[in-house]
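Form predicted alone, single chain, as structure tokens, below.
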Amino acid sequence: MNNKKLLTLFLATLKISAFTFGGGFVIIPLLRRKFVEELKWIDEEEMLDLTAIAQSSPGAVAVNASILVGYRVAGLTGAVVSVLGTVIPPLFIISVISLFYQAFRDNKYVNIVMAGMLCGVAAVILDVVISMIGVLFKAKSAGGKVITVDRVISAVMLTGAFVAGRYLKINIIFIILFCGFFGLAQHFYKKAKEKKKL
């Protein structure tokens, strides 16, 4: 295994994790920028898949995403290295904050800074959603088309999942299970269709 690549992976996840505020989803655009755009170790469509798996798997999204990216880049060793890089900064920061928790909790300036950060976090999450939808429709399919039935179905499912969770208050577990079974059914339908053509 290339030690330089592992070091790059560790330092990248360490740096990203150290400056990720506002929850797991914020790490996704930072991972995308580093590993897709800058290092070009992962392509756009694969990053979409890794994001979907990280979100639907049990555990913290940031840790899940870093494990998947690390595994994709450098196998099991890469997964271990990237998860270490991801968990060290929060463990250190939370340990320090816990020593001064009372002072942080009651400090109005800290509360103002945190409220400001929430605005930035919302913008980053919105940016990643728009970027991923853009990737979904920009890339040409195997048949050379930009808009395909699969992509329209994906967009409808995305919108439906948002409406079901946000407005209909359906439990996220049921939404994930439904989307997973729907995707599985779609896969088997395509395979059956391909067999008929042969």
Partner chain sequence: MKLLIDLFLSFFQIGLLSFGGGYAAMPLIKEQVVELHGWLSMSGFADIITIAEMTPGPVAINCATFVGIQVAGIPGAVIATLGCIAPSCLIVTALAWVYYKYKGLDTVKAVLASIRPAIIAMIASAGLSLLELSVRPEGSFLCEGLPVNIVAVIVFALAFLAGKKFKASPISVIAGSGVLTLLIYLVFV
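Numbering follows the first chain given and starts at 1. Each form is matched to the other, and the largest set of C-alpha atoms that superpose within 1.5 Å is called the rigid core. Predicted, not measured: the structure shown is a model, and the values here were computed from it.
Beyond what is shown, the protein has a form predicted in complex with its partner chain; the following relates to that form.
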(request) Spell out, yes or no, whether the shortest heavy atom distance between residue 36 and its partner chain in the predicted complex is within 4.5 Å. (result) no
(request) State yes or no: in the predicted complex, is some non-hydrogen atom of residue 16 no more than 4.5 angstroms from a non-hydrogen atom of its partner chain? (result) yes
(request) Report whether the minimum heavy atom distance between residue 152 and its partner chain in the predicted complex is within 4.5 Å. (result) no
(message) in the predicted complex, does residue 188 come within 4.5 Å of its partner chain, counting heavy atoms only?
(response) yes
(request) Sequence order please: the residues of 70 to 96 with a heavy atom within 4.5 Å of its partner chain in the predicted complex. (result) 71, 72, 76, 83, 87, 90, 91, 93, 94, 95
(request) Superpose the two forms on their rigid core, then report whether the C-alpha of residue 128 is displaced by 2 angstroms or more between this form and the one not shown. (result) yes
(request) State yes or no: after fitting on the rigid core, is the Cα displacement of residue 164 between this form and the one not shown at least 2 Å? (result) yes
(message) Does residue 104 move appreciably between this form and the one not shown, meaning a CA displacement of 2 Å or more on the superposed rigid core?
(response) yes
(message) Comparing against this form, do residue 176 and residue 48 have their CA atoms pulled together or pushed apart in the predicted complex? The difference is 3 Å or more.
(response) closer
(request) Might you say whether the CA atoms of residue 47 and residue 173 end up closer or farther apart in the predicted complex than in this form? Their distance differs by 3 Å or more. (result) closer
